[in-house]
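Quick heads-up: it's one chain on its own, the form predicted on its own, in structure tokens.
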């Protein structure tokens, strides 16, 4: 029988390189191992945290006093008609390579997107006008309460802006596999589009430092002006928003939003640091680990950004990342 590992440093699995030890740690390579691990955690009365790619979360320096379960389900199967079945543990980079090799289109927007397929589904990851939900046909998950596998259509997954039913259930369901509907395309064009997105990220994101991507969600325009109001319509039509002496661009992501990074920058926080963490001068919606930062350093900067943006613009920033 498999066994849990003990006192495993979570910094090894975090893109931030931050995090204390997990009291217990288990990597499941088969679906039945996921079920076994959950059952064993129940027997031992342990809280369970599901770890995907470690790209969108901040572990506490004190670690996690329970079981960290990592579903390493990495099978990819192509079927007729552009259907692809993908394990939740498949890195997005590997899925994109597979799509290019089979000349399958629909994921070009995800070029350079870190993390795993399961994590992307849970948070409905999106960028460059695309979202994970756009290619989802169905999702299979494991319900830790009933100990049964559930299969849902994309509609039943309740996808929203960086949201899904799996995120709302707060770890009580574990994504196992995903069925995607892709389209036949031209291999060179698909690869070129993906590489274009990767190049953009390298040029505009502070990838030279450990980071966990965008800290905050972009701000829906309707959170600033009532949807359908004259001010809302004018901002959409002109692609610009004037607010308390600052000017912002309005983009579709996939609905009208204002970039959180611009609010943070206009609040005078570019390059501000706390301990070993810093609000990136290159992209202010990134907090980077420049000098052996701890989780408290990052949390202090998150709190500072929220306070200053609220004070200056009356806008509430909402974390996109998960704090554990």
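Numbering follows the first chain given and starts at 1. From a predicted model like this one, the values you see are computed outputs, not experimental measurements.
Beyond the structure shown, there is the form predicted in complex with a small molecule, which is absent from this document and is the topic of what follows.
Annotated contact segment (heavy atom within 4.5 Å of the small molecule in the predicted bound form): 111 to 119, selected among 111 to 119, 241 to 249, 224 to 232, 74 to 82. Taken together, 52, 125 and 173 are fully in contact with the small molecule in the predicted bound form: each brings a heavy atom within 4.5 Å.
Using a 4.5 Å cutoff between non-hydrogen atoms, residue 279 does not count as a contact of the small molecule in the predicted bound form.
At the 4.5 Å threshold, heavy atoms of residue 204 stay clear of the small molecule in the predicted bound form, well away from it. For the chain shown alone, residue 212 is a contact residue for the small molecule in the predicted bound form, at least one non-hydrogen atom being within 4.5 angstroms.
Mapping the unseen interface onto this chain, residue 162 counts among the residues with a heavy atom inside 4.5 Å of the small molecule in the predicted bound form.
Out of the listed residues 265, 289, 295, 56, 56 is the one that sits within 4.5 Å of the small molecule in the predicted bound form by at least one heavy atom.
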